[in-house]
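Below you'll find only one chain, the form predicted alone, shown as C-alpha coordinates.
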(Lines give C-alpha, C1' and ligand atoms only; values in the text may rest on other atoms or scores of the structure.)
Protein backbone atom coordinates (compact mmCIF):
# COMPACT_ATOMS: atom_id res chain seq x y z
CA UNK A 1 0.00 0.00 0.00
CA UNK A 2 1.42 3.40 -1.03
CA UNK A 3 1.89 6.62 0.95
CA UNK A 4 -0.75 8.12 -1.32
CA UNK A 5 -3.28 5.64 0.02
CA UNK A 6 -2.31 6.64 3.56
CA UNK A 7 -2.86 10.29 2.65
CA UNK A 8 -6.32 9.55 1.25
CA UNK A 9 -7.38 7.44 4.22
CA UNK A 10 -6.15 10.13 6.61
CA UNK A 11 -8.33 12.69 4.85
CA UNK A 12 -11.39 10.44 4.92
CA UNK A 13 -10.83 9.51 8.55
CA UNK A 14 -10.34 13.16 9.54
CA UNK A 15 -13.61 14.09 7.83
CA UNK A 16 -15.44 11.24 9.57
CA UNK A 17 -14.04 12.09 13.03
CA UNK A 18 -15.04 15.74 12.53
CA UNK A 19 -18.52 14.66 11.44
CA UNK A 20 -19.10 12.40 14.44
CA UNK A 21 -17.40 14.37 17.24
CA UNK A 22 -19.38 17.60 17.65
CA UNK A 23 -16.94 18.86 20.29
CA UNK A 24 -14.46 19.44 17.48
CA UNK A 25 -14.50 22.56 15.30
CA UNK A 26 -12.63 23.90 12.26
CA UNK A 27 -9.53 24.59 14.35
CA UNK A 28 -9.17 20.83 14.80
CA UNK A 29 -8.75 20.30 11.06
CA UNK A 30 -5.36 20.64 9.35
CA UNK A 31 -5.41 23.71 7.04
CA UNK A 32 -5.28 21.66 3.82
CA UNK A 33 -8.22 19.51 4.92
CA UNK A 34 -10.13 22.54 6.18
CA UNK A 35 -9.67 24.40 2.91
CA UNK A 36 -10.78 21.45 0.78
CA UNK A 37 -13.93 20.87 2.86
CA UNK A 38 -14.88 24.54 3.30
CA UNK A 39 -18.37 25.39 2.14
CA UNK A 40 -19.80 28.88 2.50
CA UNK A 41 -18.92 30.07 5.98
CA UNK A 42 -17.40 26.92 7.47
CA UNK A 43 -16.93 23.17 7.22
CA UNK A 44 -20.38 21.54 7.30
CA UNK A 45 -21.44 18.38 9.04
CA UNK A 46 -21.31 16.02 7.30
CA UNK A 47 -18.41 17.34 5.23
CA UNK A 48 -18.47 16.53 1.53
CA UNK A 49 -15.42 14.33 0.93
CA UNK A 50 -15.66 14.29 -2.85
CA UNK A 51 -12.83 13.02 -5.01
CA UNK A 52 -12.08 16.64 -5.93
CA UNK A 53 -11.84 17.66 -2.26
CA UNK A 54 -9.56 14.74 -1.44
CA UNK A 55 -7.34 15.50 -4.44
CA UNK A 56 -7.10 19.18 -3.45
CA UNK A 57 -5.98 18.38 0.09
CA UNK A 58 -3.63 15.49 -0.68
CA UNK A 59 -2.29 16.26 -4.18
CA UNK A 60 -3.29 12.71 -5.16
CA UNK A 61 -4.55 12.91 -8.72
CA UNK A 62 -6.96 9.93 -8.49
CA UNK A 63 -7.80 9.35 -4.82
CA UNK A 64 -10.31 6.59 -5.44
CA UNK A 65 -7.80 4.60 -7.47
CA UNK A 66 -5.48 4.58 -4.43
CA UNK A 67 -8.05 3.17 -1.97
CA UNK A 68 -10.51 1.26 -4.16
CA UNK A 69 -9.05 -2.07 -3.05
CA UNK A 70 -9.57 -1.37 0.66
CA UNK A 71 -12.52 -3.17 2.20
CA UNK A 72 -13.64 -0.17 4.25
CA UNK A 73 -14.02 2.39 1.42
CA UNK A 74 -16.59 3.00 -1.27
CA UNK A 75 -17.41 5.71 -3.81
CA UNK A 76 -20.78 7.12 -4.77
CA UNK A 77 -20.62 7.18 -8.57
CA UNK A 78 -23.30 9.89 -8.75
CA UNK A 79 -21.92 12.44 -6.27
CA UNK A 80 -18.26 11.45 -6.50
CA UNK A 81 -18.08 11.28 -2.72
CA UNK A 82 -15.63 8.78 -1.21
CA UNK A 83 -16.57 7.50 2.21
CA UNK A 84 -15.70 4.96 4.87
CA UNK A 85 -18.06 2.01 5.32
CA UNK A 86 -16.35 0.63 8.43
CA UNK A 87 -14.91 3.25 10.79
CA UNK A 88 -13.25 0.80 13.16
CA UNK A 89 -11.48 -1.03 10.36
CA UNK A 90 -10.29 2.27 8.90
CA UNK A 91 -8.99 3.46 12.29
CA UNK A 92 -7.10 0.23 12.85
CA UNK A 93 -5.65 0.27 9.32
CA UNK A 94 -4.46 3.84 9.75
CA UNK A 95 -3.03 3.28 13.26
CA UNK A 96 -0.92 0.38 11.97
CA UNK A 97 0.70 2.56 9.33
CA UNK A 98 0.87 6.13 10.68
CA UNK A 99 3.55 7.26 13.14
CA UNK A 100 2.95 9.53 16.14
CA UNK A 101 4.40 12.74 14.59
CA UNK A 102 2.01 12.43 11.68
CA UNK A 103 -0.98 12.02 13.96
CA UNK A 104 0.21 14.86 16.20
CA UNK A 105 0.05 17.19 13.19
CA UNK A 106 -3.69 16.49 12.88
CA UNK A 107 -5.70 17.61 15.96
CA UNK A 108 -8.85 15.70 14.96
CA UNK A 109 -6.92 12.44 14.75
CA UNK A 110 -4.87 13.32 17.83
CA UNK A 111 -8.17 13.45 19.74
CA UNK A 112 -8.97 9.98 18.41
CA UNK A 113 -5.62 8.29 19.04
CA UNK A 114 -4.45 10.19 22.15
CA UNK A 115 -4.85 7.11 24.37
CA UNK A 116 -3.17 4.79 21.87
CA UNK A 117 0.12 6.64 21.28
CA UNK A 118 2.46 7.89 24.00
CA UNK A 119 3.64 10.89 21.95
CA UNK A 120 0.21 12.12 20.87
CA UNK A 121 -1.38 14.99 22.81
CA UNK A 122 -4.61 16.53 21.51
CA UNK A 123 -4.30 19.87 23.36
CA UNK A 124 -0.76 20.40 22.05
CA UNK A 125 -1.81 19.40 18.53
CA UNK A 126 -4.65 21.92 18.52
CA UNK A 127 -2.39 24.64 19.92
CA UNK A 128 0.17 24.05 17.16
CA UNK A 129 -2.41 23.90 14.37
CA UNK A 130 -2.83 27.03 12.26
CA UNK A 131 -6.15 28.61 13.29
CA UNK A 132 -9.05 29.00 10.89
CA UNK A 133 -8.76 32.80 11.19
CA UNK A 134 -5.55 32.59 9.15
CA UNK A 135 -7.23 30.95 6.14
CA UNK A 136 -8.05 32.91 2.96
CA UNK A 137 -11.61 31.56 2.89
CA UNK A 138 -12.22 32.75 6.45
CA UNK A 139 -10.86 36.22 5.59
CA UNK A 140 -13.07 36.33 2.49
CA UNK A 141 -16.10 35.45 4.60
CA UNK A 142 -15.17 38.10 7.15
CA UNK A 143 -14.91 40.73 4.42
CA UNK A 144 -18.35 39.76 3.13
CA UNK A 145 -19.84 39.94 6.62
CA UNK A 146 -18.20 43.22 7.64
CA UNK A 147 -18.49 45.18 4.39
CA UNK A 148 -21.52 45.65 2.14
CA UNK A 149 -21.75 47.20 -1.32
CA UNK A 150 -21.67 50.71 0.10
CA UNK A 151 -18.32 49.91 1.73
CA UNK A 152 -16.54 48.68 -1.40
CA UNK A 153 -14.66 51.95 -1.81
CA UNK A 154 -13.14 51.40 1.64
CA UNK A 155 -11.64 48.09 0.55
CA UNK A 156 -10.29 49.67 -2.63
CA UNK A 157 -7.92 51.71 -0.46
CA UNK A 158 -6.16 48.71 1.08
CA UNK A 159 -4.83 45.27 0.27
CA UNK A 160 -5.92 42.53 2.66
CA UNK A 161 -3.88 39.34 2.80
CA UNK A 162 -4.61 36.20 4.82
CA UNK A 163 -1.68 34.89 6.89
CA UNK A 164 -1.79 31.59 5.00
CA UNK A 165 -1.19 33.49 1.74
CA UNK A 166 2.01 35.15 2.97
CA UNK A 167 4.88 33.32 1.30
CA UNK A 168 7.90 35.00 2.92
CA UNK A 169 7.90 34.29 6.65
CA UNK A 170 10.22 35.50 9.39
CA UNK A 171 12.13 32.23 9.03
CA UNK A 172 12.98 33.25 5.46
CA UNK A 173 14.52 36.55 6.58
CA UNK A 174 17.87 37.41 8.09
CA UNK A 175 17.13 39.84 10.91
CA UNK A 176 19.41 41.81 13.19
CA UNK A 177 19.42 41.01 16.91
CA UNK A 178 17.37 44.15 17.54
CA UNK A 179 14.79 43.14 14.94
CA UNK A 180 14.50 39.63 16.36
CA UNK A 181 14.06 40.98 19.88
CA UNK A 182 11.35 43.41 18.78
CA UNK A 183 9.36 40.77 16.90
CA UNK A 184 9.45 38.60 20.03
CA UNK A 185 8.25 41.51 22.18
CA UNK A 186 5.38 42.19 19.79
CA UNK A 187 4.37 38.53 19.84
CA UNK A 188 4.28 38.53 23.63
CA UNK A 189 2.36 41.81 23.74
CA UNK A 190 -0.36 40.36 21.51
CA UNK A 191 -0.47 37.15 23.52
CA UNK A 192 -0.90 39.08 26.79
CA UNK A 193 -3.16 41.92 25.68
CA UNK A 194 -5.55 41.35 28.58
CA UNK A 195 -2.71 41.67 31.09
CA UNK A 196 -1.46 44.88 29.46
CA UNK A 197 -4.96 46.34 29.68
CA UNK A 198 -5.17 45.30 33.34
CA UNK A 199 -1.96 47.15 34.25
CA UNK A 200 -2.90 50.16 32.12
CA UNK A 201 -0.13 49.74 29.56
CA UNK A 202 -2.08 50.54 26.42
CA UNK A 203 0.47 52.60 24.46
CA UNK A 204 2.17 49.61 22.86
CA UNK A 205 2.01 48.02 19.44
CA UNK A 206 2.92 50.99 17.24
CA UNK A 207 6.13 50.33 15.32
CA UNK A 208 8.01 52.41 12.78
CA UNK A 209 10.37 50.58 10.42
CA UNK A 210 13.06 52.81 8.94
CA UNK A 211 15.74 52.02 6.39
CA UNK A 212 16.70 52.00 2.71
CA UNK A 213 14.53 50.24 0.10
CA UNK A 214 14.98 46.48 -0.15
CA UNK A 215 16.09 45.93 3.45
CA UNK A 216 13.05 43.87 4.49
CA UNK A 217 10.65 46.35 6.08
CA UNK A 218 7.56 45.12 4.24
CA UNK A 219 8.63 41.47 4.39
CA UNK A 220 9.14 41.69 8.15
CA UNK A 221 5.70 43.23 8.65
CA UNK A 222 4.15 40.47 6.56
CA UNK A 223 6.20 37.87 8.40
CA UNK A 224 4.86 39.18 11.68
CA UNK A 225 1.29 38.79 10.42
CA UNK A 226 2.08 35.23 9.34
CA UNK A 227 3.65 34.31 12.68
CA UNK A 228 0.81 35.89 14.64
CA UNK A 229 -1.87 34.39 12.32
CA UNK A 230 -3.41 37.82 11.78
CA UNK A 231 -4.84 39.40 8.60
CA UNK A 232 -2.37 41.76 6.94
CA UNK A 233 -3.91 45.10 5.91
CA UNK A 234 -1.54 47.13 3.75
CA UNK A 235 -1.91 50.73 2.59
CA UNK A 236 0.47 53.03 0.76
CA UNK A 237 -0.14 56.60 1.86
CA UNK A 238 0.49 57.96 -1.63
CA UNK A 239 -2.35 55.76 -2.92
CA UNK A 240 -5.02 57.23 -0.68
CA UNK A 241 -4.42 60.85 -1.61
CA UNK A 242 -7.19 62.33 -3.71
CA UNK A 243 -7.42 65.11 -6.25
CA UNK A 244 -10.63 66.20 -4.57
CA UNK A 245 -10.22 68.46 -1.58
CA UNK A 246 -11.31 66.82 1.62
CA UNK A 247 -11.34 63.26 0.24
CA UNK A 248 -7.84 62.37 1.45
CA UNK A 249 -8.77 62.91 5.11
CA UNK A 250 -11.86 60.75 4.60
CA UNK A 251 -9.72 58.04 2.99
CA UNK A 252 -7.44 58.03 6.02
CA UNK A 253 -10.45 57.51 8.29
CA UNK A 254 -11.71 54.71 6.06
CA UNK A 255 -8.38 52.87 6.20
CA UNK A 256 -8.40 52.84 9.99
CA UNK A 257 -12.05 51.81 9.99
CA UNK A 258 -11.18 48.80 7.81
CA UNK A 259 -8.45 47.76 10.26
CA UNK A 260 -10.78 48.05 13.25
CA UNK A 261 -13.45 45.96 11.55
CA UNK A 262 -10.94 43.25 10.67
CA UNK A 263 -9.30 43.26 14.11
CA UNK A 264 -7.30 41.53 15.34
CA UNK A 265 -5.01 42.37 12.44
CA UNK A 266 -1.75 44.02 11.38
CA UNK A 267 -2.15 47.45 9.74
CA UNK A 268 0.91 48.27 7.64
CA UNK A 269 1.26 51.88 6.47
CA UNK A 270 3.95 52.20 3.83
CA UNK A 271 5.56 55.36 2.44
CA UNK A 272 5.25 57.13 5.77
CA UNK A 273 7.59 59.87 4.56
CA UNK A 274 4.49 61.20 2.78
CA UNK A 275 3.65 62.75 6.14
CA UNK A 276 6.94 64.60 6.26
CA UNK A 277 6.55 65.95 2.73
CA UNK A 278 3.12 67.28 3.51
CA UNK A 279 3.96 68.77 6.91
CA UNK A 280 6.78 70.88 5.47
CA UNK A 281 4.87 72.31 2.52
CA UNK A 282 2.47 75.19 2.15
CA UNK A 283 -0.20 73.19 0.32
CA UNK A 284 -3.93 73.64 0.71
CA UNK A 285 -5.36 73.38 4.21
CA UNK A 286 -7.43 70.33 3.20
CA UNK A 287 -4.26 68.31 2.73
CA UNK A 288 -2.94 69.52 6.05
CA UNK A 289 -6.13 68.31 7.68
CA UNK A 290 -5.59 64.92 6.05
CA UNK A 291 -2.21 64.53 7.70
CA UNK A 292 -3.54 65.70 11.04
CA UNK A 293 -6.33 63.14 10.63
CA UNK A 294 -3.69 60.46 10.11
CA UNK A 295 -1.68 61.46 13.15
CA UNK A 296 -4.79 61.64 15.29
CA UNK A 297 -5.91 58.20 14.08
CA UNK A 298 -2.52 56.77 15.04
CA UNK A 299 -2.85 58.36 18.48
CA UNK A 300 -6.26 56.77 18.99
CA UNK A 301 -5.32 53.34 17.64
CA UNK A 302 -4.31 50.80 20.29
CA UNK A 303 -3.14 47.21 20.17
CA UNK A 304 -4.68 46.61 23.57
CA UNK A 305 -8.00 48.38 22.98
CA UNK A 306 -8.50 47.83 19.24
CA UNK A 307 -6.53 44.61 18.61
CA UNK A 308 -4.62 46.31 15.80
CA UNK A 309 -0.83 46.12 15.50
CA UNK A 310 0.21 49.28 13.65
CA UNK A 311 3.42 49.23 11.62
CA UNK A 312 4.63 52.25 9.65
CA UNK A 313 7.53 52.19 7.20
CA UNK A 314 9.68 54.87 5.62
CA UNK A 315 12.77 55.02 3.44
CA UNK A 316 13.50 58.57 4.60
CA UNK A 317 13.53 58.79 8.41
CA UNK A 318 15.52 62.02 8.23
CA UNK A 319 12.42 63.75 6.85
CA UNK A 320 10.23 62.89 9.85
CA UNK A 321 9.96 65.42 12.67
CA UNK A 322 9.54 64.86 16.39
CA UNK A 323 5.75 65.09 16.25
CA UNK A 324 5.68 62.08 13.92
CA UNK A 325 8.23 60.03 15.83
CA UNK A 326 6.32 60.43 19.08
CA UNK A 327 3.38 58.51 17.66
CA UNK A 328 5.39 55.27 17.73
CA UNK A 329 6.52 53.45 20.83
CA UNK A 330 9.27 51.56 18.96
CA UNK A 331 11.53 52.69 16.12
CA UNK A 332 13.20 49.75 14.38
CA UNK A 333 16.17 50.29 12.06
CA UNK A 334 16.58 48.25 8.87
CA UNK A 335 20.14 48.92 7.72
CA UNK A 336 21.76 47.38 4.68
CA UNK A 337 22.96 43.88 5.60
CA UNK A 338 26.47 43.28 6.88
CA UNK A 339 28.78 40.77 5.22
CA UNK A 340 27.75 37.88 7.57
CA UNK A 341 24.09 38.78 7.04
CA UNK A 342 24.57 38.79 3.26
CA UNK A 343 26.13 35.33 3.48
CA UNK A 344 23.14 34.08 5.46
CA UNK A 345 20.73 35.68 2.97
CA UNK A 346 22.53 33.94 0.12
CA UNK A 347 22.19 30.61 1.90
CA UNK A 348 18.47 31.18 2.26
CA UNK A 349 17.74 32.38 -1.29
CA UNK A 350 19.70 29.48 -2.82
CA UNK A 351 17.79 26.84 -0.89
CA UNK A 352 16.47 24.30 -3.34
CA UNK A 353 19.03 25.27 -5.99
CA UNK A 354 22.16 23.25 -6.65
CA UNK A 355 25.23 25.50 -6.68
CA UNK A 356 28.60 23.91 -7.39
CA UNK A 357 31.52 25.17 -5.28
CA UNK A 358 29.13 27.45 -3.41
CA UNK A 359 30.99 29.84 -1.10
CA UNK A 360 28.49 32.30 0.41
CA UNK A 361 31.17 34.12 2.42
CA UNK A 362 33.26 34.80 -0.67
CA UNK A 363 30.17 35.90 -2.57
CA UNK A 364 29.12 38.16 0.30
CA UNK A 365 32.52 39.86 0.15
CA UNK A 366 31.74 40.85 -3.45
CA UNK A 367 28.29 42.28 -2.68
CA UNK A 368 29.08 45.22 -0.42
CA UNK A 369 26.15 47.64 -0.33
CA UNK A 370 23.59 45.20 -1.77
CA UNK A 371 20.33 44.62 0.07
CA UNK A 372 18.42 41.40 0.54
CA UNK A 373 16.18 42.39 -2.34
CA UNK A 374 19.23 43.00 -4.52
CA UNK A 375 20.64 39.56 -3.69
CA UNK A 376 17.40 37.91 -4.75
CA UNK A 377 17.61 39.75 -8.06
CA UNK A 378 21.20 38.54 -8.46
CA UNK A 379 20.06 34.96 -7.97
CA UNK A 380 17.24 35.43 -10.48
CA UNK A 381 19.72 36.71 -13.06
CA UNK A 382 22.05 33.77 -12.47
CA UNK A 383 19.23 31.23 -12.79
CA UNK A 384 17.91 32.77 -16.02
CA UNK A 385 21.39 32.95 -17.55
CA UNK A 386 21.93 29.27 -16.73
CA UNK A 387 18.58 28.31 -18.25
CA UNK A 388 19.60 30.02 -21.51
CA UNK A 389 22.43 27.47 -21.58
CA UNK A 390 19.98 24.67 -20.66
CA UNK A 391 21.50 24.31 -17.20
CA UNK A 392 19.60 23.90 -13.92
CA UNK A 393 22.76 23.71 -11.84
CA UNK A 394 24.57 26.94 -10.95
CA UNK A 395 28.19 27.56 -10.12
CA UNK A 396 29.93 30.10 -7.93
CA UNK A 397 31.13 31.76 -11.13
CA UNK A 398 27.53 32.14 -12.33
CA UNK A 399 26.66 34.03 -9.18
CA UNK A 400 29.75 36.25 -9.37
CA UNK A 401 28.93 37.09 -13.00
CA UNK A 402 25.36 37.93 -11.98
CA UNK A 403 26.65 40.26 -9.26
CA UNK A 404 28.81 42.08 -11.81
CA UNK A 405 25.88 42.40 -14.24
CA UNK A 406 23.61 43.65 -11.50
CA UNK A 407 26.08 46.30 -10.40
CA UNK A 408 26.53 47.49 -13.99
CA UNK A 409 22.79 47.88 -14.44
CA UNK A 410 22.46 49.57 -11.05
CA UNK A 411 25.18 52.04 -12.03
CA UNK A 412 23.34 52.89 -15.26
CA UNK A 413 20.09 53.32 -13.36
CA UNK A 414 21.76 55.75 -10.97
CA UNK A 415 23.15 57.71 -13.91
CA UNK A 416 19.66 57.96 -15.41
CA UNK A 417 18.26 59.16 -12.10
CA UNK A 418 20.98 61.78 -11.82
CA UNK A 419 20.32 63.05 -15.35
CA UNK A 420 16.59 63.28 -14.62
CA UNK A 421 17.28 65.23 -11.44
CA UNK A 422 19.53 67.68 -13.32
CA UNK A 423 16.92 68.15 -16.04
CA UNK A 424 14.25 68.79 -13.42
CA UNK A 425 16.41 71.37 -11.69
CA UNK A 426 17.12 73.09 -15.01
CA UNK A 427 13.43 73.23 -15.85
CA UNK A 428 12.60 74.58 -12.42
CA UNK A 429 15.18 77.33 -12.79
CA UNK A 430 13.40 78.63 -15.90
CA UNK A 431 9.84 78.14 -14.68
CA UNK A 432 8.36 81.12 -12.85
CA UNK A 433 5.10 79.29 -12.10
CA UNK A 434 4.46 77.01 -9.12
CA UNK A 435 3.13 73.47 -9.47
CA UNK A 436 1.76 71.99 -6.26
CA UNK A 437 1.55 68.21 -6.22
CA UNK A 438 -1.05 67.08 -3.68
CA UNK A 439 1.18 64.16 -2.76
CA UNK A 440 3.97 66.43 -1.69
CA UNK A 441 1.92 69.01 -0.01
CA UNK A 442 0.41 69.05 3.47
CA UNK A 443 0.00 69.83 6.84
CA UNK A 444 0.56 71.73 9.97
CA UNK A 445 1.94 69.76 12.84
CA UNK A 446 -0.51 68.21 15.19
CA UNK A 447 1.70 67.78 18.23
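Keep in mind that this is a model prediction, so the values were computed, not measured. Positions refer to the first chain, counted from 1.
Absent from the display: the form predicted in complex with a small molecule. The rest refers to it.
*Asks:* For residue 173, is any heavy atom within 4.5 Å of the small molecule in the model of the complex, or not?
*Replies:* Looking in the model of the complex, residue contacts with the small molecule include residue 173, since a heavy atom lies within 4.5 Å.
*Asks:* Verify the contact flag for residue 345: yes if a non-hydrogen atom of it lies within 4.5 Å of a non-hydrogen atom of the small molecule in the model of the complex, no if not.
*Replies:* Yes, residue 345 sits close enough to the small molecule in the model of the complex that at least one of its heavy atoms falls within 4.5 Å.
*Asks:* Does residue 91 reach the small molecule in the model of the complex if we count a contact as any heavy atom within 4.5 Å?
*Replies:* Contact check for residue 91: no, nothing within 4.5 Å of the small molecule in the model of the complex.
*Asks:* Is residue 97 part of the interface with the small molecule in the model of the complex - any heavy atom within 4.5 Å?
*Replies:* Residue 97 lies outside the contact set for the small molecule.
*Asks:* Could you tell me which one of 81, 260, 376, 289 places a heavy atom within 4.5 Å of the small molecule in the model of the complex?
*Replies:* So the residue touching the small molecule in the model of the complex, by this definition, is 376.
*Asks:* Which one, 183, 73, 215, 129, lies within 4.5 Å of the small molecule in the model of the complex by heavy atoms?
*Replies:* Residue within 4.5 Å of the partner: 215.
*Asks:* Given the stretches 356-364, 140-148, 165-173, 117-125, which is the single one in contact with the small molecule in the model of the complex, using a heavy atom cutoff of 4.5 Å?
*Replies:* Partner-contacting stretch among the options: 165-173.
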